[in-house]
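One chain comes next, on its own, written out as structure tokens in the form predicted on its own.
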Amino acid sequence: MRLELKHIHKHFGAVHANDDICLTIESGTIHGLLGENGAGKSTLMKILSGFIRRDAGEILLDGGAVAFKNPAEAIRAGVGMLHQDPLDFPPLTVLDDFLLGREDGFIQKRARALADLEKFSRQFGFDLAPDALVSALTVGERQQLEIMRLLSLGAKILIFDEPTTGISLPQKIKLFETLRLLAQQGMTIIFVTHKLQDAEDLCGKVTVLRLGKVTGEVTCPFTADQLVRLMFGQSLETRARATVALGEPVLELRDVCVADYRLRLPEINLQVRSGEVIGLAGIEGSGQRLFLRACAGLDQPVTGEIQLGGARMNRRPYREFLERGAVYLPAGRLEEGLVPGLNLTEHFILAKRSTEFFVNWPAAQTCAQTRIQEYSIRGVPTSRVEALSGGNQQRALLALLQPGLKLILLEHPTRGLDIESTMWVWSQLLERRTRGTAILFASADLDEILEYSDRILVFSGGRVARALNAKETSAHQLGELIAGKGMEIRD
């Protein structure tokens, strides 16, 4: 199915999200759509897949004009979208989720659906048990399920929105194999990403957006520098990380054991000093989140003692951790970090934690405007946080942090961010580090772990390796440890 987008426009208030976009994608190809956060990539794909309506322009499928009112109409026409967070239902089984969207009438044809599921599983080498709960699947497995569901509904154009965010390297390799196979079978694949390496590895042609406009199109082979110049208008220079003298201990863990219903980590002893950056590496679900939440007082350790600035913090609420200068930034920006429905001004009011009875709204709006400018947030004081792009939500979270913090705990601080936003986030964090703030962060990006960490803790299969010196560790060594090879349990 050949796709043509002609002069697409979309406004959100004063924001021109898509500005006269023209794009042609041939069938049987993998076409990359690249751009920084807020460039208009997701908006364009949501228009194509029927989630939102365009203000102007035309969509042609195999030469015929179409206008979708909703995603159901789009999938009937052969257009399906796999979102960054798969649209599934965790309480359902794999088979029940696979049945969603099928127009079988009042009685579902479960036997036929099971046969289709098994057929696609064999075709792509997937291994999903039909009676397994979706909640028990990894992000990569949920993507596999969504791919099969969309194919069963007749999708011929498949849109993948940031599909490598939050999946492991083996899962990414499997995903890329699947996409190449789909293209060989004549499917049209649109691969939306901000990751230069993914675009280089997979796409035959890439269209680049910046500020809602098409800035150029390149055909393989192309270089990362070409893509960066199209994305940002210039090359991006990396700065050497400044050396910081470490200070007194900020956080101490003594024989700390954390656990939930799925996992129990061994006793961990760790001392984190002022100005130190420690990265947590491992496949998602290996215990990094448990560890960070325990260090923030959000979860209680099973055994052991947690000290913050020399004070014993066991059984203390998160509020007291905040008062002592420790803060936690979760990976789920909207689910845990921000409050959907509230605007930026209201968030800065809450973050101030004032004891005054009345809110000084003029002062609050002035504060919000100042923070928006300081942190380069693309929004206004009245912008609701759910309307911001992922990169701007992350900037808002950092803008909410109070000065003088002793410890920042972060879960995937740059997940879903483009290269410029990633560099900006780390410039802010490392600036705090020079003022004595200690940083613990979990990331699925091994390059990020190696580049920004002083020491690294590796989590694998319920075990935690001894702290590694980041300067003396390679990505290959980290990968082997994450896979469990040569894993040495901490004392």
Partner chain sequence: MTEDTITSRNRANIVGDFLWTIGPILLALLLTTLALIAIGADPAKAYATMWNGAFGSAEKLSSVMDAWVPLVFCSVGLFITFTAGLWNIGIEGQMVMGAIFATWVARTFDLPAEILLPLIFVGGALGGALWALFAGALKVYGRVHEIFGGLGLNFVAMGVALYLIIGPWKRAGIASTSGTEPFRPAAWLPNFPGMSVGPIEIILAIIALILVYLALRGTLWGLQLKAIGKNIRSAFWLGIPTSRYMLGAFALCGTFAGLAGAEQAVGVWARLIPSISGGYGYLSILVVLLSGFRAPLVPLVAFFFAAVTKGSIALPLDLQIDSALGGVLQGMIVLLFVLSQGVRSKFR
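Numbering follows the first chain given and starts at 1. Bear in mind that the values here come from a model prediction, so they are computed numbers and not experimental data.
The protein also exists as the form predicted in complex with its partner chain; that form is not presented, and the subsequent description refers to it.
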Sort through Val380, Val244, Ile173, Val359 and report the residue having a heavy atom within 4.5 Å of its partner chain in the predicted complex.
Val359
Between the options Cys220, Ala387, Ala115, Leu334, which residue brings a heavy atom to within 4.5 Å of its partner chain in the predicted complex?
Leu334
Stretch in contact, per heavy atom within 4.5 angstroms of its partner chain in the predicted complex, of 125 to 133, 210 to 218, 343 to 351, 277 to 285:
343 to 351
Can you tell me if Pro249 lies within 4.5 angstroms of its partner chain in the predicted complex, counting non-hydrogen atoms only?
no
Please check if Gly78 has a heavy atom lying within 4.5 Å of any heavy atom of its partner chain in the predicted complex.
no
Going by a heavy atom distance of 4.5 Å, is Arg315 a contact of its partner chain in the predicted complex?
no
Partner contact for Leu338 in the predicted complex: its partner chain, 4.5 angstroms, heavy atom
yes
Taking its partner chain in the predicted complex, which residues of 396 to 413 have any heavy atom within 4.5 Å of it?
Leu397, Leu400
